[in-house]
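Presented below, as structure tokens, is a lone chain in the form predicted alone.
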């Protein structure tokens, strides 16, 4: 049997650009999640309010006697407010195990032992969850604008409400940013996706229950910054130029949201490591 020379040869393959590994993680995670039938059912159910609003816009455009159904800026504000319920469930379903499952399988050491930075790993995980959340907030919100334009046969509504596109975009991305960072940070704290889901639900409901109890005792809504849902409600009203429902100044609400994102980023910096260091 002939023996071929196996001496050193120069590598002639291509090189991947640094900083693009997060795309691979995001793509694999999205494909893996989208194959789950239960999750697909949840996504389809999350689009039900969109179709209801589309029918409302059609009726308002087709029948003059149904003018009370004509869309306004408040219509889009209410729609995105309703979608927050689906944001909650999708965040738990798609986000609870993103890092927790890797920790349970001791896969972090494998991920970070390769030429893959911690920022790329976290970025890929964030992109998975953000993609699904934008799919039920920003995408249907923008599509509703085009539905109104198609049914009315003109761009009059959009021209008279030019702030709607940036309002929908800013509010959607703000809510997705908060939900994604919070969930990913919680997922890095445990090896159990169920426990992570419970923690996320507890943070959401406990903060809101705390606020509701104190607002009745103190008879003021200026402490709405204590509630995660109230933070987004307050910012949504301000972004869509609607009367704020709480007395909390909006800069405080925004500051608390950014602080929560910052704390989440700090948790990820400390918990996402290739090797656990015991001190």
Partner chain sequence: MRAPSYWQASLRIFELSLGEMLWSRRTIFMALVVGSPVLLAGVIRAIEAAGIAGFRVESLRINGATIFGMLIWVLYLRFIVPVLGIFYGTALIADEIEDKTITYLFTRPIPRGAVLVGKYLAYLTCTILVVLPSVMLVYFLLVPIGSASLVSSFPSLVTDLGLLALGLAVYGSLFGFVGARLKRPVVFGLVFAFGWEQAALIFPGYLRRFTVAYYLQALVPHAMPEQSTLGAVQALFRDAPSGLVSLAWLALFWLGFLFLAARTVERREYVLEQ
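Numbering follows the first chain given and starts at 1. Please read all numbers here as calculations on a predicted model, not as lab measurements.
Only in words, not in the display: the form predicted together with its partner chain, which the text now covers.
Student: Though its partner chain is not shown, can you say which of 210, 222, 62, 242 has a heavy atom within 4.5 Å of it in the model of the complex?
Tutor: For this set of options, the contacting one is 210.
Student: Out of 142, 174, 131, 199, which one falls within 4.5 Å of its partner chain in the model of the complex, going by heavy atoms?
Tutor: Among 142, 174, 131, 199, a heavy atom within 4.5 Å of its partner chain in the model of the complex occurs only for 199.
Student: Partner absent here, but in the model of the complex, which of 229 to 237, 23 to 31, 210 to 218, 244 to 252 has residues with a heavy atom within 4.5 Å of its partner chain?
Tutor: Stretch with heavy atoms near the partner: 210 to 218.
Student: Answer for residue 70 alone: is it within 4.5 Å of its partner chain in the model of the complex, judged on heavy atom distances?
Tutor: Residue 70: no contact with its partner chain in the model of the complex.
Student: Can you check whether residue 189 is within 4.5 Å of its partner chain in the model of the complex, heavy atom basis?
Tutor: Yes - in the model of the complex, heavy atoms of residue 189 and its partner chain come within 4.5 Å of each other.
Student: Within a 4.5 Å heavy atom cut-off, is residue 194 in contact with its partner chain in the model of the complex?
Tutor: Yes - in the model of the complex, heavy atoms of residue 194 and its partner chain come within 4.5 Å of each other.
Student: Taking 4.5 angstroms as the cut-off for heavy atoms, does residue 118 touch its partner chain in the model of the complex?
Tutor: Residue 118 lies outside the contact set for its partner chain.
Student: Determine the residues of 21 to 60 with a heavy atom within 4.5 Å of its partner chain in the model of the complex and present them in sequence order; the list may be empty.
Tutor: Heavy-atom contacts to its partner chain in the model of the complex: only 36.
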